[in-house]
Ligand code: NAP
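As a starting point, one isolated chain is supplied in structure tokens, in the form predicted alone.
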Amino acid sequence: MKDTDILLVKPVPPLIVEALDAAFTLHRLYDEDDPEGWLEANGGRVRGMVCGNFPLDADLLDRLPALEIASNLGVGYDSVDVAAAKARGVMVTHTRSVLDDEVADTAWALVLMTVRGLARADRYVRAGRWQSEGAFPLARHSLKGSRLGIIGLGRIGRNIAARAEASGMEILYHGRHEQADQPYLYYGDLREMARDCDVLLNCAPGGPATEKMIDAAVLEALGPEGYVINIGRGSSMDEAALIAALEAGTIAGAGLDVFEDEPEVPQALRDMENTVLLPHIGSATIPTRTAMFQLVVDNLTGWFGRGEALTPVPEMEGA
């Protein structure tokens, strides 16, 4: 495989670089003085690439006519024009499965921190307010007996549901279609599910189909005793509507690991006491990230060594 040309458009973690450099002829576009000129002269030799930290669109695909596979770093792949890739016979893979439990743990931690006010309690102690003001105020809600509405009941969503059930929550879910093998109550209408749940948790993928799907109407349906949690994509949340809802008391609070314009986080969200804000760390542990990096490599070595993509994106299943 050493004579197979692989392209890195942007820097990626050293594990990926070292493994690919050992197995393939690796090109680092970001080190070229004239990237456009390099693509014009050499794009026709590239058969594989790593994507996930830049848009892979039809224009770039056209400059890589020999491309066979794009190995995406991350489970989300909304930066990839999968339809354009499929039309050109390009396989697209992602790093599913290896991060499911880690992200589910982060999501569940956000639920606990937000609903129980644990982040505020930590700040209360650090500021010396326990001594000066006495006991921390009681949390408004308990998880046991409440309802969790999950947007996107995929692998991560099901792992979150298992954690929630262990805490005595009832599970509802919304998605493109009902899943016959799931015991939970399905809602085809997101507003209706928001109305009927206490905690609304988004773990749906990004892209046009989910753009700003959690809007003012959904937040109003969630109501003043409801909480919203987002570990999916920042693009799924209408951030302006969220800020307005939090300021007006339309909802009780929010826990967010993703934002519209990362790493920019609106000052209004940072100033609020009823928000918990994390810097997109859903899968951010060394073991999980190492497994993700290795899967990026394994998809490329599997494709060129055995003609097999290990974890194709759903649109590529059977391709």
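Since we're looking at a predicted model, the values are computed, not measured. One-based numbering along the sequence shown.
The next section is about a form of this same protein that is not shown, the form predicted together with this ligand.
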* Hey, in the predicted bound form, does V92 get a heavy atom within 4.5 angstroms of this ligand? -> no
* To do: Answer with yes or no whether G282 is in contact with this ligand in the predicted bound form, where contact means some heavy atom within 4.5 Å.
  => yes
* To do: Classify M213 as contacting or not contacting this ligand in the predicted bound form by the rule of any non-hydrogen atom within 4.5 angstroms, answering yes or no.
  => yes
* Asked: Would G157 show up as a contact with this ligand in the predicted bound form if we use heavy atoms at 4.5 Å?
  -> yes
* Hey, of 141-149, 79-87, 173-181, 116-124, which bit sits against this ligand in the predicted bound form at 4.5 Å between non-hydrogen atoms? -> 173-181
* Let me know the one among V228, M193, A164, L153 whose heavy atoms come within 4.5 Å of this ligand in the predicted bound form, would you? => L153
* **Residue (of L269, A291, V258, L29) lying close to this ligand in the predicted bound form, criterion heavy atoms within 4.5 Å** => V258
